[in-house]
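What follows is a single chain, given as structure tokens, in the form predicted on its own.
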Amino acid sequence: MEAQKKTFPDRAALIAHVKSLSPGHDGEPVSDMVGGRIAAEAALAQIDPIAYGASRNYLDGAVTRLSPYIRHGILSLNEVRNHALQMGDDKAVEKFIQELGWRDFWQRIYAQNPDWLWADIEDYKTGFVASDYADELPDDIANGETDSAAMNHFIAELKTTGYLHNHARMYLAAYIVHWRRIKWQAGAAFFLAHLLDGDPASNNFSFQWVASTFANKPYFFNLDNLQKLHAGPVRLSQQ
């Protein structure tokens, strides 16, 4: 078997090579995310864990975009945590460290209970049973052609960039499960097909948390929540 090419003169050549290996997908957009250790270290150097705690809930908050590097093992959770701790006292960076802790928590749950990844851990707490939910994701969601402009925007961003802000992920997941009554497994698979940071444990158990099959209540959102995504008290550019 011929070994895969590993070095390229520039990014354009790399993209062309990957497209040649992906028949039928050569016309799809390419994320601007750059991989590799050098890019990961540069992204890590730019984080502001203190501002993150104050503004992370807003689309223009000080999010880090480190998750693809963590997902693919280019950066470790320990490395990111230690770097953050050097930038402020424990209280100032607490929220940032907590979010790293959630990722570690989901990984440990998965390691101890691998059969939970695609199975309902508990019953739905929505007044419906699992058989009341559709098994497949409908085309209008897959294509970003729903009746909701906000959901269409999130779907387009997911498919073209491989990234979604955490709250956008929760709102889109809630829309799929609760507004459209589709099983969380279909939504989770859709996310994993497009996310560059698509970690099965974090993704699937978070979907179960939204659905209420791994939580004591379902997660919902309303129009005020959507509007607040753009109305944060701290205006910072995304990193």
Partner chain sequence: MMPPLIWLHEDCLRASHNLFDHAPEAKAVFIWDDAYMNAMHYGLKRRVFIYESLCQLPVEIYAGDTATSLAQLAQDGRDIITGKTANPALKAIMAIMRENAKLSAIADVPFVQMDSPPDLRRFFKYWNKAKKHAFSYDGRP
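Just so we're clear, the structure is a prediction, and the values are computed from it rather than from any experiment. Positions refer to the first chain, counted from 1. Rigid core: the largest C-alpha set superposing within 1.5 Å between the two forms.
Below, we refer to the form predicted together with its partner chain, which is not included among the displayed structures.
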Contact assignment for its partner chain in the predicted complex, among Pro68, Gly53, Gly61, Gly187, heavy atom within 4.5 Å = Pro68
Residues Val18, Leu77 and Asn216 all lining its partner chain in the predicted complex, heavy atom within 4.5 Å | yes
Its partner chain contact at Pro9 in the predicted complex, heavy atom, 4.5 Å | no
Does the 4.5 Å heavy atom contact test between Gln98 and its partner chain in the predicted complex come out positive?
-> yes
So, in the predicted complex, is Leu14 in contact with its partner chain at a 4.5 angstroms heavy atom limit?
-> yes
So in the predicted complex, does Arg37 come within 4.5 Å of its partner chain, heavy atom to heavy atom?
-> yes
Stretch 26-64: residues contacting its partner chain in the predicted complex, 4.5 Å heavy atom cut-off = Asp26, Glu28, Pro29, Val30, Ser31, Met33, Val34, Gly35, Gly36, Arg37, Ile38
Do you see a C-alpha shift of 2 Å or more at Ser22 between this form and the one not shown, with the core held fixed?
-> yes
